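This document opens with one chain alone, in structure tokens, the form predicted on its own.
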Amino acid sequence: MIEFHLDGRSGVSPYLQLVHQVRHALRLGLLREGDQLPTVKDVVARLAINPNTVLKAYRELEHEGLVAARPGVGTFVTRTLADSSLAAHGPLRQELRRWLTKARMAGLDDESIEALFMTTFRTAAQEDIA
């Protein structure tokens, strides 16, 4: 089962952070069709957020056809976002971990690593478009 976390410094609303985390888990094969999401009560207790925030996130995921609520039972995954590239994730994750180790050894903190990665990612994406 997925464990949600919130980053108050991200500038992204809490409900969108929950939605993004479910989408990422679906894309990475961490959540599969039939898996149950944590109950609203459990998420509220763990993250100390308003139940309406969790409900809004779950409603958006339901609107996208990714989950379905079963009254009195819970919210369940109805569709995955994983594709044929899933097999490549393991080796790429190992390579990325090695890169992260090198970045930390070079003295970069988490914020610097994220900034470097995102800037490089966006630049490469723009070059691919051009």
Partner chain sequence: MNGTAVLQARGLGRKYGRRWALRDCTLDLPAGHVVGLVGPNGAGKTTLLKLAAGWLAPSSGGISVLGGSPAGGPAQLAKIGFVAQDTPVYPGLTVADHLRLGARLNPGWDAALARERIARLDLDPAHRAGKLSGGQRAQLALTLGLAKRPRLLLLDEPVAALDPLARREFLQTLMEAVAELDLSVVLSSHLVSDLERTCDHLIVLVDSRLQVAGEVDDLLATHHRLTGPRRDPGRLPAGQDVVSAHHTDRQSTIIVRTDTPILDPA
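None of these values were measured; they are calculated from a predicted model. Numbering follows the first chain given and starts at 1.
As for the form predicted in complex with its partner chain, it is not shown, yet the points below apply to it.
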- Answer with yes or no whether Val44 is in contact with its partner chain in the predicted complex, where contact means some heavy atom within 4.5 Å. yes
In the predicted complex, does Lys56 come within 4.5 Å of its partner chain, counting heavy atoms only?
yes
* Wondering, does Thr78 line up within 4.5 Å of its partner chain in the predicted complex on heavy atoms? -> no
Applying a 4.5 Å heavy atom distance criterion, does Ala48 contact its partner chain in the predicted complex?
yes
The stretch from 48-56, 28-36, 93-101, 64-72 that lies within 4.5 Å of its partner chain in the predicted complex, judged by heavy atoms, is 48-56
Checked 5-32 against its partner chain in the predicted complex; residues with a heavy atom within 4.5 Å, sequence order, are Leu6, Gly8, Ser13, Pro14, Tyr15
